[in-house]
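Let's start with one chain on its own, the form predicted alone, as structure tokens.
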């Protein structure tokens, strides 16, 4: 069955996870780029589709769908033959959801305290305090992720899943957040493996964004 799908995304933003999942699923979809810096996410036309004023947004036959974890699982359900989610294994499926929730609620928020600090504070001192903590908070989160990746090449061990697309999103931001990656060899290896996948290469080309800045461990330098 073919469904009509349109992904609203911003190049290099968190929406890259849903974009990769759609490519991995090998199902037809359209894309619409949203210029965040120009404020298109707050335009009346976009807000009519997604009142949250955020990306990603996936237009589906049942209406707008937002939030990466929800979009990722929906896309996986459209292509069960691709085995992008372990739906036949309740324990593994729960682990995948646990990991994606951690990325959404902890990692993304830790990063956002830098470029999006105005959501939580207004004074210059408070904003600076939040920016100062970003690298440490991101490192703490990724040290936990590093341990997860000891079990195999992918988040779920030997099985690639939508969790890998989501992890890749935030691993791309490590240098931006000035994270000391010297102890994150597994994370960087995962990032490199992701960029060898045809679906990821197709998304990077379509969004016009480069491969990871640096695949070698580095400090604050």
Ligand SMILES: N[C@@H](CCC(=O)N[C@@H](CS)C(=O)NCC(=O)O)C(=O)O
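Numbering follows the first chain given and starts at 1. Predicted, not measured: the structure shown is a model, and the values here were computed from it.
This protein has a second form, the form predicted in complex with the named molecule, left out of what is shown; the following refers to that one.
In the predicted complex, residue 178 stays away from the named molecule, with no heavy atom inside 4.5 Å. For the chain shown alone, residue 92 is not a contact residue for the named molecule in the predicted complex, no non-hydrogen atom being within 4.5 angstroms. Contact check for residue 161: every heavy atom lies farther than 4.5 Å from the named molecule in the predicted complex. Contact annotation for residue 33: none of its heavy atoms lies within 4.5 Å of the named molecule in the predicted complex. At a distance of at most 4.5 angstroms from the named molecule in the predicted complex, all three residues 42, 116 and 166 contribute at least one non-hydrogen atom. In plain terms, the part of the chain that comes close to the named molecule in the predicted complex, with a heavy atom within 4.5 Å, is 48-56 out of 150-158, 48-56, 22-30, 183-191.
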